[in-house]
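Presented as structure tokens, the chain that follows is alone, the form predicted on its own.
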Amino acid sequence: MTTTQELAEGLDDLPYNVFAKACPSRGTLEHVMGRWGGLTLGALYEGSLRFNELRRRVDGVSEKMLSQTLHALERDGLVHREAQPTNPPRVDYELTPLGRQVAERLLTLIHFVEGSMDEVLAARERYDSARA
């Protein structure tokens, strides 16, 4: 089994180190792991979606936040935006090959968390009871 220290030491061999303040990978990680980034990537893993379809799928995201999230993910090369010259304009969003790789890893984490929620909720209840 690999220890946390061994994993951290392995990162020293990489050209980028997310733990270093000035590393550009930190910004991408924030875009991917942020509240809306992960949900957006997960939703797009299911296939190409128009903006409003995506907004309905990612329940609770505002139009402004979804727009900002999509711009950041597009800039990082994770999402492709396809504008159709129709009237009204049609814009579709889909994952790039890199975005699909990231989304696959995120979905593994998402499914793990969803499958562990009984344990999480029990832990929250114990925590809250101990502090009441």
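What you are looking at is a predicted structure, and each value in this text was computed from that prediction instead of being measured. We number the residues from 1 along the sequence you see.
Absent from the display: the form predicted in complex with the DNA. The rest refers to it.
Chemist: Report whether all of 64, 81 and 89 sit within 4.5 Å of the DNA in the predicted complex, measuring from non-hydrogen atoms.
Modeler: Heavy-atom distance to the DNA in the predicted complex: all three under 4.5 Å.
Chemist: Is it the case that residue 45, even though its partner is missing from this view, gets within 4.5 Å of the DNA in the predicted complex, heavy atoms only?
Modeler: Residue 45: no contact with the DNA in the predicted complex.
Chemist: Does the DNA come within 4.5 Å of any heavy atom of residue 35 in the predicted complex?
Modeler: The answer is yes: residue 35 has a heavy atom within 4.5 Å of the DNA.
Chemist: In the predicted complex, does residue 100 come within 4.5 Å of the DNA, counting heavy atoms only?
Modeler: Close contact is absent here: in the predicted complex, residue 100 is far from the DNA, nothing within 4.5 Å, heavy atoms only.
Chemist: Using a 4.5 Å heavy atom cut-off, state whether residue 57 contacts the DNA in the predicted complex.
Modeler: Flag for residue 57 set to no.
Chemist: Judged by heavy atom distances of 4.5 Å or less, which residues of 36 to 58 approach the DNA in the predicted complex?
Modeler: 36, 50, 51, 52 sit within 4.5 Å of the partner.
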